[in-house]
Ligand SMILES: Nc1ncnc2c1ncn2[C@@H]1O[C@H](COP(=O)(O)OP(=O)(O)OP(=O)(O)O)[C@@H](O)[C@H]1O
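In structure tokens, the next block holds one chain alone, the form predicted alone.
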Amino acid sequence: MFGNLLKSKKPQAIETNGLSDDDMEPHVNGNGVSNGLASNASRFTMNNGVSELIRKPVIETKGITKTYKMGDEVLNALSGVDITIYQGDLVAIMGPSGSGKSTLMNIVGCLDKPTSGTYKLDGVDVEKMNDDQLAGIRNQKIGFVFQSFNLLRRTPSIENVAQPLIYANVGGRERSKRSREALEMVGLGKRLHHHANELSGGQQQRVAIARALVTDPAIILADEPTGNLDSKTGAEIMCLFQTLNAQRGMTIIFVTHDPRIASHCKRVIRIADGRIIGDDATVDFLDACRGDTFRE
């Protein structure tokens, strides 16, 4: 439940180290932050007096293939993809157009099924689910953030955020409470009733992020989330994602062709011609909240 992320009675905006957007509410620290991290990350154990995070896999694919028939021709979009993404990861799946990254995103996001192979999402086998089952687990386990925001333009922010809860049959009072909490978490507590077409691009993307958070998903899946934003606003959105990951322990996966987004992640999985060709920790990690900038 979304409320598990916030132990205090009143939800508080995450700390963003000077995020400059003019509607960002005052940040907090202390129990509000540490409780959020502990509730959404895996359990901790002690080793020689030092606390270590025991992380569990939230995405496990083994031997994933996807083929399409085009007349007499067979197109192999994915060929034996094995990936494991752990709770609390901040990872980019990166590849050029035609690499198979969008096909992989659709399978990871339960929007499509593999031709063969196995896929576990938060411990649940999903590769053989029917369309209704996929829709249910998609709503329950995955928060989507898209390049084009996908908001109802003449609808208040709080109602846009509530959309996944309507599909989950959550009651009106609880929907309103959780939607308000999500918007306050991303710093839009003063924009609850502004329509999407009254907000800036950065504010609209924050509404979209709040919508992704509202179901308390196992993962956030972000497809080119800064693609429609200028560089300054894009950096602010990346700061927000990094803060959600660092302070709340949220598992965030970017699907991108942009090395600038990948450089703000702690791990980069590279895909080409339907195969994983690299899976490495980021050497020169950029902290968007400190103003680190990407250099070609």
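The numbering used is simple: start at 1 and walk along the sequence shown. Worth saying up front: this structure is predicted, and the values here are computed from it rather than measured.
Missing here is the form predicted in complex with the named molecule; even so, the following discussion is about that form.
- Contact with the named molecule in the predicted complex, judged as any non-hydrogen atom within 4.5 angstroms, is confined among 74-82, 209-217, 183-191, 119-127 to 74-82.
- In terms of contact with the named molecule in the predicted complex, the residue from Asn139, Ser99, Gln163, Gln87 that brings a heavy atom within 4.5 Å is Ser99.
- His257 is the sole member of Arg270, Arg55, His257, Lys266 with a non-hydrogen atom lying within 4.5 angstroms of the named molecule in the predicted complex.
- Contact check for Tyr68, Thr103 and Glu224: all three have a heavy atom within 4.5 Å of the named molecule in the predicted complex.
- Residues are counted as partner-facing when one of their heavy atoms sits within 4.5 Å of the named molecule in the predicted complex; in 264-286 not one qualifies.
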